[in-house]
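Quick heads-up: it's one chain on its own, the form predicted alone, in structure tokens.
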Amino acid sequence: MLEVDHLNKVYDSHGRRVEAIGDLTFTVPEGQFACVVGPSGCGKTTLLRTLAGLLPPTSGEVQVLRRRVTEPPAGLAVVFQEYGRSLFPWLRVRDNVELPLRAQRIAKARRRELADEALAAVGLAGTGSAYPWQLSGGMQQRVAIARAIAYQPRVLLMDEPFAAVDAQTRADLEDLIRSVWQRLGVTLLFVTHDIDEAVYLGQRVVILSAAPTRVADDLDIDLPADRDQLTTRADPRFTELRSRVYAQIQKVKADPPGKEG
């Protein structure tokens, strides 16, 4: 569903050259929930924006649904961290959710049906007539998630979507997105800086090196499919896996690619 083949991204600005992504290759099969973690500044957001067709690669390529990405591809949706900037405050919640459906020229009745189904899926049934500014931060992020799933994507990218909410809301949203993923069967790539979150959510954790970014490790998460905040995080296997991810990130921070010995 998602293929990254020798991806490289270089920024050239005012005579300064920064290689954000060095040489990145990995694939995400259909229906998998994969998390991406790495040290601060390793290019996680650059990677996601390149996957979404929002940034052109310098070399290498990305394929979604076996088609090379040169622009935002059909069948792919993105949820960003800044929910407040991704929702239009002058539009009601339902109208925000319907925006990508309008672009697809979907009939009004079907748009409303899909929007209401998506809002119900994220626990916001009955809020369609409200404005985003009337909702809490966590509820606004649920609206952003509802907009993405109303589009009925086959691939969903999420860029640190819970970083701006409080801890309790974050736990609720983590459980929500796992529930949505299981129900819809979407292929999901979730970028986060939170190691515990990555291990709790994913079937797999891709660990990136410091910039210029490469894959430092690719870890299968063999926790039970049914997870909850108390039982899963108390599982000794959870502790073992998060320790391995943490150790690997500390290692790549101490020994970044291209560092001379």
Partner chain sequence: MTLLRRTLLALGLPVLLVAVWWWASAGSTDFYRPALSTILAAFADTWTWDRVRADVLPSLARLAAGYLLALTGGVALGVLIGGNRHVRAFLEPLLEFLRAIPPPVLVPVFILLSGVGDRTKVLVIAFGCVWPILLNTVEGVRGRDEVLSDTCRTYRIGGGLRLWHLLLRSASPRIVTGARQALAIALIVMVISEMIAADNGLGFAVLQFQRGFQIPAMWSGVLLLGLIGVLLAWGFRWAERRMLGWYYGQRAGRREW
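What you are looking at is a predicted structure, and each value in this text was computed from that prediction instead of being measured. Residue numbers count along the first chain shown, from 1.
What comes next is about the form predicted in complex with its partner chain, which is not displayed.
**Student:** Would you mind picking out the stretch of 93 to 101, 173 to 181, 121 to 129, 186 to 194 that comes within 4.5 angstroms of its partner chain in the predicted bound form, counting non-hydrogen atoms?
**Tutor:** Contact criterion met by 93 to 101 only.
**Student:** Among the candidate residues Ala167, Ala74, Ala107, Ala163, which is the single one with a non-hydrogen atom no more than 4.5 Å from its partner chain in the predicted bound form?
**Tutor:** Only one listed residue qualifies here, and that residue is Ala74.
**Student:** Of these, Val64, Ala52, Ala211, Ala198, which has a heavy atom no more than 4.5 Å from its partner chain in the predicted bound form?
**Tutor:** For this set of options, the contacting one is Ala52.
**Student:** Is there any non-hydrogen atom of Ala115 lying within 4.5 Å of its partner chain in the predicted bound form?
**Tutor:** Answer no; every heavy atom of Ala115 is more than 4.5 Å from its partner chain in the predicted bound form.
**Student:** Report yes if any heavy atom of Leu87 sits within 4.5 Å of a heavy atom of its partner chain in the predicted bound form; otherwise report no.
**Tutor:** Yes, contact at 4.5 Å.
**Student:** Whether Met158 contacts its partner chain in the predicted bound form should be assessed with a 4.5 Å heavy atom distance threshold; does it?
**Tutor:** Close contact is absent here: in the predicted bound form, Met158 is far from its partner chain, nothing within 4.5 Å, heavy atoms only.
**Student:** Does any residue in 165 to 179 get within 4.5 Å of its partner chain in the predicted bound form, counting heavy atoms only, and if so which ones?
**Tutor:** Going through 165 to 179 in order - heavy atoms within 4.5 Å of its partner chain in the predicted bound form - there are no hits.
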